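The chain that follows stands alone, in the form predicted alone, written as structure tokens.
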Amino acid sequence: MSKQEFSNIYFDQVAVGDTLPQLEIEITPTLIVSTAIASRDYQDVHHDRVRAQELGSPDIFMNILTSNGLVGRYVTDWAGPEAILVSVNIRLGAPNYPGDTMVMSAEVTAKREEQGRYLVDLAVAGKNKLGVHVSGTVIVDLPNSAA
């Protein structure tokens, strides 16, 4: 098994208006159920299709903790191992159902040095065929330079 290399994005490499590469995430029943269980969310609408349908949903759907985790993964995969998530502020929209694909995207909206930290604000969105599933703002502290 080969070692995967991770690289950092540095504060001076980022400009307001930059966009992050998109990330496609396949929404599978296994992803929905396993991440609900991992986050201790045992609500039946996240694992029981029949019960979800009885409650008016066409299928099981992703919980907010999973959506939050996927936003964090998306940003840290881009930023690299030295980045620190300072703040993740999200809201949910259209549900993520099995069989769909969520496409994550983000744009740099601000950057600043604050008390020795190099902060970058990102407007993040995850869209599926129904519309925007998750949107919000992430603040990440990046390393200062490649030196």
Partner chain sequence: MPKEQAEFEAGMQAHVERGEKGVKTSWDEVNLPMVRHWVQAMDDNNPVYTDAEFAAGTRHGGLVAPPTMLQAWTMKGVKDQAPGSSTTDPMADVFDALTEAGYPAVVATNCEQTYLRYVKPGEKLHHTYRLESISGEKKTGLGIGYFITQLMEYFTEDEEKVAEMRFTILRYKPAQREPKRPPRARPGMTRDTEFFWQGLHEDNKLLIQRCLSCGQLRHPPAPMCPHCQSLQHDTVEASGKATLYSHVTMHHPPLPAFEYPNTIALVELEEGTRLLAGLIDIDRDELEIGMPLQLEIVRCDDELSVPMFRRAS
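Residue numbers count along the first chain shown, from 1. Note that the coordinates shown come from a computational prediction; the quantities given were computed from them, not determined experimentally.
This protein has a second form, the form predicted together with its partner chain, left out of what is shown; the following refers to that one.
Although the partner is absent here, Asn89 sits close enough that one of its heavy atoms falls within 4.5 Å of its partner chain in the model of the complex. Proximity of Asp121 to its partner chain in the model of the complex falls outside the 4.5 Å heavy atom cutoff. The shortest heavy atom separation between Val103 and its partner chain in the model of the complex exceeds 4.5 Å. For the chain shown alone, Pro29 is not a contact residue for its partner chain in the model of the complex, no non-hydrogen atom being within 4.5 angstroms. Glu82 is the sole member of Glu107, Glu82, Asp59, Asp44 with a non-hydrogen atom lying within 4.5 angstroms of its partner chain in the model of the complex. If you take 34 to 54 and check each residue for a heavy atom within 4.5 Å of its partner chain in the model of the complex, you get Ser34, Thr35, Ile37, Ala38, Ser39, Arg40, Asp41, Tyr42, in sequence order.
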